[in-house]
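Below sits a lone chain in structure tokens, taken as the form predicted alone.
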Amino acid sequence: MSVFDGLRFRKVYSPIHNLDPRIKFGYVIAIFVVAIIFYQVIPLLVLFFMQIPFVLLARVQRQWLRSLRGAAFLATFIFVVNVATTYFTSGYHLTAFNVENAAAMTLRFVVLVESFSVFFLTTSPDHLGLALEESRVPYEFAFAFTTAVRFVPVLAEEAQTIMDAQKARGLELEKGGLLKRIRNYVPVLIPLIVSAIRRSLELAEAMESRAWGATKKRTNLYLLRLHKGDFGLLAITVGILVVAVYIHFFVHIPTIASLF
């Protein structure tokens, strides 16, 4: 459940927290595009280490590391599946190039988790919803998205609490075969689903009591404005895209296996 810590906003005064969420989201999308167009390990490693200064400036190192640790299982699964698929489809033959390709696929996933984790850790749901509204996204969709962002970490924490309570009552979640383990999670899923339904009903009643949707033209207390730091991040984003496209088409990137 620690991977969901990367979706929980941390209210800290830092230069990264003060940036406009629209510019930060554009930066995340740029990293996403660059990670997709490269399939070599070296540029993906560069993308990975490029995020570390943002993490240090935002002072969210502990939560960022927990989100990466939570994604380690899925990253390992991606690596193993890629290696096994290549091994069985190439006549039971595995080369260093094949292993490097699997590592690149895994590193691409880690880069995406890393960049989105930094975005959600440094962007409050209120500012995110405001950014979506000012980007001409219908308010209903913006509200649904920001509500999901708020409640996913809450549900993950509640699931962990239920698991701890069931373990204290003698439930063994890690023992038995695959089907046995799946059945073991039934006492966890049922209370979690009931709690989620209860929360949704409470949220619906709160929205109705506040006359949600009574008027189509809404106003906001705050308005998003771009500052010097936002223009700086925008310039960095454009620079990353330009350099990445140039390297992709005009520069030969060697593999690590070819270097040795």
Partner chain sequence: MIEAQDIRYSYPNKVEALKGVSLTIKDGEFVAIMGQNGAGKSTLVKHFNGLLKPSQGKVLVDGVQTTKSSVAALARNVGFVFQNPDHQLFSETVEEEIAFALKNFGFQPEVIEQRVTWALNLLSLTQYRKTSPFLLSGGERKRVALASVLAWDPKTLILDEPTIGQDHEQKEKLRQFIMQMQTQKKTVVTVTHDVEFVAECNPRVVLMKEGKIVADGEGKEILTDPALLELSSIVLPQIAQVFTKLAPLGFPKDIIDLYEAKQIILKAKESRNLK
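What you see is a predicted model, and the numbers here were worked out from it, not measured in a lab. Numbering follows the first chain given and starts at 1.
One more form of this protein, predicted together with its partner chain, exists but is not displayed; see below.
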- Query: Hey, in the predicted bound form, is Glu133 touching its partner chain, heavy atoms inside 4.5 Å?
  - Reply: no
- Message: I'd like to check something about Arg198: if you look in the predicted bound form, is any of its heavy atoms closer than or equal to 4.5 Å to a heavy atom of its partner chain?
- Response: yes
- Message: Given that its partner chain is not shown alongside this chain, does Pro191 nevertheless sit within 4.5 Å of it in the predicted bound form, heavy atom to heavy atom?
- Response: yes
- Query: Within a 4.5 Å heavy atom cut-off, is His93 in contact with its partner chain in the predicted bound form?
  - Reply: no
- Note on the structure: The stretch from 117 to 125, 165 to 173, 145 to 153, 83 to 91 that lies within 4.5 Å of its partner chain in the predicted bound form, judged by heavy atoms, is 165 to 173
